[in-house]
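Below, in structure tokens: the form predicted on its own, a single chain.
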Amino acid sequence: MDRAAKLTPHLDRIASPADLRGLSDSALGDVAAELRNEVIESVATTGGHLGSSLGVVELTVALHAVFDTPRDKLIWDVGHQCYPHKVLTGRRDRMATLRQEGGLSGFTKRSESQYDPFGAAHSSTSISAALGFTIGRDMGQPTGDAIAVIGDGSISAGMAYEALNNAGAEGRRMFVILNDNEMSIAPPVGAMSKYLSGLYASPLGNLQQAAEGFEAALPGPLRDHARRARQMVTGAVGAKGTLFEELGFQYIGPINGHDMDQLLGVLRAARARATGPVLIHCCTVKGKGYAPAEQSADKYHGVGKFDPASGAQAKKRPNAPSYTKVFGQALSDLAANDPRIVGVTAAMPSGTGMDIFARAHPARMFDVGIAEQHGVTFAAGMAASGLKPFCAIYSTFLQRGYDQIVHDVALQNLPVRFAIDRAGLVGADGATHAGAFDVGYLSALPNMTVMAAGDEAELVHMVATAAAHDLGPIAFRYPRGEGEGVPMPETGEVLEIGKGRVLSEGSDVALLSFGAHLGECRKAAAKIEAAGLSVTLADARFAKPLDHALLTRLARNHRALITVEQGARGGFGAMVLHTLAQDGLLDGKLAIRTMTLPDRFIDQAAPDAMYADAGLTATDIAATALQAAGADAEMVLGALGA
């Protein structure tokens, strides 16, 4: 018997959630203890979202023990807390592949397991999806109850309240578990956090019996006491109850999410007696049971590989500063001399580099919580007032505020500056976090200026350019990870809007890069030169407006023009083709190819492997360019190293 088996005798008996339902309550507690250690050991070898998963260990065991999954639909909001769920649902033997190429997703994924009824990775979708399953059940589909587990950070988003309002109005039997750990990726902000904290602090708030509908099961004196306690927690008779009750939900809680007896009792009672929508307010500790996580400022929300004994994370030796850090520092430096610069982020200050800005200029930093739509319009209002808002949001998260970008920013031509982190493929987070679409969805908008940094020095220049641009909205995109290691300017240069740059001159092939694939284009140019053709390497800098003079020059003076971008079809390359067609530059013998991400989603892997899967390596670029230029097969094979 191996070491893991000796340490997990109870967990070893669990092949699926059905095995939990035959265990005693005490044994379920033993399973939870072993499961917590298993998650720590697993994430230590792969990295991932540790703190959030440790916070729901007991809750995960209790939910699977009480409800009939997979017939009952358990929906984890975001899904970064689903590692214990994966272990219990037949994926324990694959946890070493978590977030690895060909391995388990770091989130729930419908194609991965029947126990993942709804894929997730962006927040605040679970209640909407649960209501959808509930309607399906009531219309005869073969599904049972729907249970949404949503955190106190995720429930700050407007979509969650739209769903609560709809579900309350429908009045159908469904369950929402509010996992209140008072910590999302960053400390949750705003009135909702204060409201939940107030409930949590109530001396009577841990009486799970203090909920209407469950009092009837208690003995008379205790029932009267519970009713009085509930009135103190949720509002006196004749006054308003909790917000959730006003929305039409039966509210239960707050309860202790690490007390297995309390969890099991409340969940069993709710399942047995609910006739309409029920919200169970469950208080947990992020990182629970692992001291390094509990004591960490971010509760080990996202970690790399680490030593389980000490909690020390393995550190890579940095070759260059990260783009995120470069942005944060450049903005902070500019703001020191420009009091109108303000920062906006949506619950991601450290992820976007805005924590650097916040430390330097705390009064000018605004974290709106997980509320991208509000954040964009909030920034628009500040721009209309005369301030210079920098709205720093991941590419895929900014998708959630697109209507506001169109209607509240672009239509009114307000100078909001969009700093778009996580542009391109992002590695272990996979398709849900890959910034593939922002070039296309922003370039389509009138009044919008769209830039992309070819390296970290260019990013400094683009921050300065955005700060100086008051004529309308402007966006600049940059990837996750380290820069190219280029010399850094002391101060940013304000770039001429719509003006690209030529880095090397040739006559046969033109490589026109947009964004952070410039380094790969340099390597491709060397391969093409080695094959005997001369190369012009250009950095477009702007997708909108395009540099017409540069495009004309490249189209007229080369046999082949290759555009390269870290984005989907319909982006920079499409803008180039449209412009060349309008200008009559596609009417001659020019061979043009647009290299983009393929028209499919790409699963998690190392970023280099993902770009290889996408066909965007230096070798791919060189081969495409040589073929377009009419090189013979031998020359192409030589460039490929074959």
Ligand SMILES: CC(=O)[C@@H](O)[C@H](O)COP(=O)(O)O
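These numbers come from a predicted model, not from an experiment. Position 1 is the first residue in the sequence shown; the rest follow in order.
The same protein has a further form, the form predicted together with the named molecule, not shown here; the description that follows concerns it.
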Stretch in contact in the model of the complex with the named molecule, which is absent here, among 449 to 457, 168 to 176, 336 to 344, 394 to 402 (heavy atoms within 4.5 Å)
394 to 402
Quick check on this chain: which one of 323, 107, 572, 390 has a heavy atom within 4.5 Å of the named molecule in the model of the complex?
107
Using a 4.5 Å cut on heavy atoms, which of 431, 283, 121, 410 is close to the named molecule in the model of the complex?
121
Counting only heavy atoms and a 4.5 Å cut-off, does the named molecule in the model of the complex sit next to every one of 49, 301 and 348?
yes
Any non-hydrogen atom of residue 480 within 4.5 angstroms of the named molecule in the model of the complex
yes
So in the model of the complex, does any heavy atom of residue 330 sit within 4.5 Å of the named molecule?
no
Please run the contact check for residue 558 against the named molecule in the model of the complex: heavy atoms, 4.5 angstroms, yes or no?
no
State yes or no: in the model of the complex, is some non-hydrogen atom of residue 78 no more than 4.5 angstroms from a non-hydrogen atom of the named molecule?
yes
Members of 9 to 45 lying within 4.5 angstroms of the named molecule, judged by heavy atom, in the model of the complex
none
